[in-house]
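Just one chain follows, in the form predicted on its own, and it is written as structure tokens.
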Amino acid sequence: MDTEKIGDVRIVRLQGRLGEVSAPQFEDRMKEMIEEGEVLFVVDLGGLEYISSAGLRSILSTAKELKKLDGLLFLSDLRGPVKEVFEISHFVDIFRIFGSVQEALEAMPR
């Protein structure tokens, strides 16, 4: 997991796998950033090769936490098997998903 800040938005780039081992780590790190005052996120999934149900739950849990704080979590760069999992699980209907980080940033309210 790699992060950078662009304006008020925290970009989170995921690589490899988001599964049973890495999903809790992702969720814990997201909680830390939220506790530090971050409320606007773009999660770049372009480098993700695999996501399990635990990974989906960690993203959903983070989004629910942000919603309580009037925050936002946008997703970008869904590809291949990860995109298929989002489509099958209907997460594409729950989240705002963009083709690139730049598109997500442009759609983010300031």
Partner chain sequence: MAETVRSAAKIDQLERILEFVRSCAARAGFSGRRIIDLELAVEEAMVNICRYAYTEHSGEVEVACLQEPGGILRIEIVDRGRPFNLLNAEKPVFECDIGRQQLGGLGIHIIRNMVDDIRYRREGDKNRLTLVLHDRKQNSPSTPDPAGPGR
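Residue numbers count along the first chain shown, from 1. These figures come from a predicted structure and were not determined experimentally.
The form predicted together with its partner chain exists for this protein as well; it is not shown, and the discussion that follows is about that form.
Visitor: Taking heavy atoms and a 4.5 Å cut-off, does L40 contact its partner chain in the predicted complex?
Guide: Answer no; every heavy atom of L40 is more than 4.5 Å from its partner chain in the predicted complex.
Visitor: When the contact criterion is heavy atoms within 4.5 Å, does I51 count as touching its partner chain in the predicted complex?
Guide: Judged by the heavy-atom cut-off of 4.5 Å, I51 is in contact with its partner chain in the predicted complex.
Visitor: Would V85 count as touching its partner chain in the predicted complex under a 4.5 Å heavy atom rule?
Guide: Yes, contact at 4.5 Å.
Visitor: Check L60 for me: does it contact its partner chain in the predicted complex (non-hydrogen atoms, 4.5 angstroms)?
Guide: Heavy-atom contact with its partner chain at 4.5 Å: present for L60.
Visitor: Quick check on this chain: which one of Q25, Q15, S89, S100 has a heavy atom within 4.5 Å of its partner chain in the predicted complex?
Guide: Partner contact (heavy atom, 4.5 Å) among the options: S89.
Visitor: Using the arrangement in the predicted complex, list in sequence order the residues of 1 to 40 with any heavy atom within 4.5 angstroms of its partner chain.
Guide: In sequence order, R17, G19, E20, V21 come within 4.5 Å of the partner.
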